[in-house]
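Starting off, we have a lone chain in the form predicted on its own, written out as structure tokens.
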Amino acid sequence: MTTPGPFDSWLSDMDGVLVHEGVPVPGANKLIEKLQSAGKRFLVLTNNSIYTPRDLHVRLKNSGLQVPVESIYTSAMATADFLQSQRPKGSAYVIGEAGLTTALHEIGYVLTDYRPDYVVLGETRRYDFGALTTAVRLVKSGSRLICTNPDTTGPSPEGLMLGVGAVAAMITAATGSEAYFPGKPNPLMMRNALRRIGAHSETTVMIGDRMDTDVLSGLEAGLETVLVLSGVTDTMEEVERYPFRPNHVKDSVADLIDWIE
């Protein structure tokens, strides 16, 4: 079987692809090292908006993976890029943590509960009922609802945690206003990622562990897609349930190391 490629640029999801429950997936270190030594452009993507790239860099380093800060792109950053393109120097009422507030501060946004342009919702370890009530009132008063990603659940050391998508559904039910999600599977996140590293879709591969986010967003952005069975979508039976297919299915990133030239 011939090796696909060559690919000039690589995009990879983080959880389930490079790490699984805080432990590096076998082959992840070798993949990153070979990408760097070959001079390939790459970004590690995550829908998690809790952490800043610096936070994630340290967390990955503590897990044994050396990923530069500038090679990490989060849904919080994708949200900030979207808002910057839509309404520069705007204002937002934010429910989220440092990853999201830092990304918005970096584009010059004012965080306020006084007639904000947007209500922006991201992950947080504890959703506060009072803050959600404020968000509902602001959206009802005309603020636009933006949510970092549509994931209804997310991973945590204790197990599944409530995701942005589930909380967004509650706000939508209370207000009648639909949210916009800049994170995966929105292909906008893929295009922003490509722009950050000066890459082109025709020579870029996207590696993910979820059919409904990683593969779908890569497919819609025109990238070569690889599903690895080391995370959420972990059987071919699950793959077959979807009306679309990845270009390749592999057990883990260890099977991709020989693709790097």
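This structure is a prediction, so every number in the text was calculated from the model and none was measured. The first residue of the shown sequence is 1; numbering continues from there.
Missing here is the form predicted together with a small molecule; even so, the following discussion is about that form.
Q) Considering the small molecule in the model of the complex, which of Thr233, Ser217, Thr46, Thr204 comes within 4.5 Å of it through any heavy atom? A) None of the other options qualify; the answer is Thr46.
(Q) My question is simply whether Met14 lines the interface with the small molecule in the model of the complex - judged by any non-hydrogen atom within 4.5 Å. (A) Looking in the model of the complex, residue contacts with the small molecule include Met14, since a heavy atom lies within 4.5 Å.
(Q) Would you classify Thr153 as touching the small molecule in the model of the complex, given a 4.5 Å non-hydrogen atom cut-off? (A) Output for Thr153 is yes: heavy atoms within 4.5 Å of the small molecule.
Q: Examine Asn149 and determine whether its closest non-hydrogen atom to the small molecule in the model of the complex is within 4.5 angstroms.
A: Yes, Asn149 lies within 4.5 Å of the small molecule in the model of the complex.
Q. Looking at 38-46, 219-227, 63-71, 190-198, which lies within 4.5 angstroms of the small molecule in the model of the complex, counting heavy atoms?
A. After filtering at 4.5 Å, what remains is 38-46.
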